[in-house]
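This document opens with one chain alone, in structure tokens, the form predicted on its own.
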Amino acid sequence: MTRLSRRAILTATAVTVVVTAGCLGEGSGSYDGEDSADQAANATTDPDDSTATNLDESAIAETALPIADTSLPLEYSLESLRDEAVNGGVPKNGIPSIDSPSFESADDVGDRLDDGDPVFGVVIDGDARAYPQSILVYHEIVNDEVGGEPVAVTYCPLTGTAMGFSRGDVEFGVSGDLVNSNLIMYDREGDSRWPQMLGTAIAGPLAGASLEEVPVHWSTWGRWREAYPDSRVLTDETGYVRDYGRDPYGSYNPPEGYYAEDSPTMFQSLSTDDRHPNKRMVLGARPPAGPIAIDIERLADEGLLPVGVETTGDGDDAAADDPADDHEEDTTSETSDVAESSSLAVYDQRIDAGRLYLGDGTDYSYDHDEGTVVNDAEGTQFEADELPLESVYAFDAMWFAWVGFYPSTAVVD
């Protein structure tokens, strides 16, 4: 059982509010499913604590895909995730990936994009790329090479998630299947199946293995162009005939249709939770203490949010999770095996995106005028993407999708 630390683990202008969080499964790369079951009372599939997998080490040794050293945490068994997979209404490759992308300079985009149109930004080794949402909604995967690194830039319109993965010499395609409404990719090497948000294969020779993640940031064209004027932009010369001026799901500029916050989902979720509207966008991350979801609008308002989580062992008093207690100083410890961890969420004003770091005890504050983070002791300022802290992979997601995969998630709202 975990709970919010009422103490200010990191000093900042904001106050953290974390209600529930899961425990990290010891040595398995999995969060503790026992606590998750309590917190996901509305789960349609019970979170399973048997998420440890028997990896096929020979398949991992032979694959050309870059495999992460440590598997990403799961809150369901691979078998239950496979059982929950459904067809999304299209066959394998019915949504074609872009395998030979073409780009143009930011200066050549002209009126093809409005300043408020969403783009997905990637920067590797100084090579900045922008992938318009209006194109990816029809293709979902771009097999690209950025900064000399082969990557798959992926987007699931049903969960609002844009994520990148190192791919070596292997391309990814769209399987046509979904789990928790999320895109299931397949690799064209051995046909393993990879739910995008999990980054972990649930079927195929690489089942249980996780991909190396590459940061992809939701932004808008106007912000991205100003922050990265030398950025290259994906063109609509994809080799396919699509009406890239019409989003089949609705619109993000302004949000309407499927993307409206309180609109229903199209497929059943793995679990439900009414702490946010279904399509509220959160910044989701999986730091060592357990998954967290940070309200993006709150982060934009505050600029910086310290996130403190206490993780305790068996026998902890569940009443400690009462949100009514969150504004009081917690001076007691019900168990002797309490572990504290802290993270720092930062708003990147330049591209209108959130970032997450592991805290190290240093006190930071946010300069709203400059959009920079200030080391309070030294007075030094840092851009949001340049803090001298360990970065944690984080990505935007619709609330229902995040809590569906991670029902034990802590919430910062």
Partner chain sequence: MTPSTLTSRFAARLSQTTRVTRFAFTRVDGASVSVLAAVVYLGAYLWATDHMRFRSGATVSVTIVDEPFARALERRSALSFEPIALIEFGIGTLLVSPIDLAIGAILVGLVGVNLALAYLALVQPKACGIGAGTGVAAAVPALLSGSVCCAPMILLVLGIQASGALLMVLPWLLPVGVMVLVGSLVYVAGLVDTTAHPRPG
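Numbering follows the first chain given and starts at 1. Predicted model, so just to flag it, every value in this text is computed and none were measured.
Missing here is the form predicted in complex with the partner chain; even so, the following discussion is about that form.
Shown alone here, residue 126 lies farther than 4.5 Å from the partner chain in the predicted complex, counting heavy atoms only. None of the heavy atoms of residue 210 is located within 4.5 Å of the partner chain in the predicted complex. For residue 168, no non-hydrogen atom is located within 4.5 Å of the partner chain in the predicted complex, even though that partner is not displayed.
In the predicted complex, the partner chain lies farther than 4.5 Å from every heavy atom of residue 253. Across the proposed site, 215, 383 and 388 without exception lack any heavy atom within 4.5 Å of the partner chain in the predicted complex. From the list 113-121, 184-192, 82-90, 216-224, the contact stretch for the partner chain in the predicted complex under a 4.5 Å heavy atom rule is 82-90.
Contact annotation: of the candidates 262, 107, 243, 274, the single residue with a non-hydrogen atom within 4.5 angstroms of the partner chain in the predicted complex is 243. A single residue from the set 248, 288, 229, 147 has any heavy atom within 4.5 angstroms of the partner chain in the predicted complex; that residue is 248.
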